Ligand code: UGY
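What follows is a single chain, given as C-alpha cells, in the form predicted on its own.
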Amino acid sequence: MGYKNGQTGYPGAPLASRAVIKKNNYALIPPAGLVKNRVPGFDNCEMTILASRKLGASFVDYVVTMLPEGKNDLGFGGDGVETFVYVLDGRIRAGDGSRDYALERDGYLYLPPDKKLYLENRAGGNSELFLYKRLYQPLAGHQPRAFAGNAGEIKSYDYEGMKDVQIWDLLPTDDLGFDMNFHILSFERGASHGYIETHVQEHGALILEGEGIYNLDNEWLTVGKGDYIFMAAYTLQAAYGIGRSECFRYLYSKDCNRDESLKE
C-alpha cells in the first residue's frame, strides 16, 4: 500500500516508480510507494523509515504522521543518540521530560544525546513531522545543548553570494558542541548551485516545495515536493530550481565540526 498517496488495489496502469536506490551512494524516494513501519513507542502514528545504515547512512530519517492522540511517551533517542524533529504541518508538544516546547508548522527542536525526545500531537487533526537521529560524536571540552526555533522566524542569507539562492541555518554554526546541523536551501526558478559539490559530508534531504533537477553522482533526476534524497559521502551533487511558480526548497542535514577518524 502506498499510504502517502492512498494507493491501494490495482493501479489501472503498468507499475512504475521514480524511486532510485543505489546503496552507499544515493537514493531518491518519492512519496508514492512508501509503506508504514511500526516503530515501538510511537502510538497512533503512521511513519516510514527513509534512510538508515541499511541504505548506507550514519543516521536515520523518518516521516511521521501523528494521528489524533498520536504520541511517543516512551522516549526517542538519548543514551548517546541525538535527535531532531521538524514540524511539516500541524501542532505538537515536544520535550525532554523536564521542559516542553510548543511547535507549529516550521518549528523544530534539537535534543542532545543525554536527553530523550517525547512527542504529542496537539493539533485538531493530523500533524506531519520529519524526524532524525544519529549517534553523537563527542569532542573534548564541548557539549551540545537543546535548541528550539522556527524556520519562519530565521533570517536567510545569500548562499555563496547568490541572491536567488537563500539558506537558513537552523542550529548554531559556531558551536563545536554540535556535530551536525540542519539547513533549508531555496532556489528561485533557474537558480542553481555554483558548482557540482564533492565532499565528505553526507545529507538526508526532504523537498518542502517546488520542483528541481538534482545531480546525484552525475545523474540528473527530476524531484519535487515530498521527495526524499539521501546523499552519501563524496556523492556528486548539485541542483537547479525549475517549475512554474514556487521556489525549489528543501530541508537537509549535514554532519560537521569533526575530523575524520582512522578507526573503523
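So that there is no doubt, residue numbering starts at 1 and follows the sequence shown. Quantities reported herein were computed from a predicted structural model and do not represent experimental measurements.
Just so you know, the form predicted together with this ligand exists too; it's not on screen, but the next bit is about it.
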Exactly one residue in H193, K116, R105, R122 has a non-hydrogen atom within 4.5 Å of this ligand in the predicted complex; which is it? H193
Within 4.5 Å of this ligand in the predicted complex, heavy atoms considered, which of L109, M180, A151, L185? L185
Only one of 30-38, 44-52, 58-66, 199-207 has residues with a heavy atom within 4.5 Å of this ligand in the predicted complex, and that stretch is 199-207
Give a yes or no on whether every one of F130, L170 and F230 sits within 4.5 angstroms of this ligand in the predicted complex by heavy atom. no
Should K254 be counted as a contact of this ligand in the predicted complex, where contact means heavy atoms within 4.5 Å? yes
For Y159, is any heavy atom within 4.5 Å of this ligand in the predicted complex, or not? yes
Contact of Y214 with this ligand in the predicted complex (heavy atom, 4.5 Å): yes
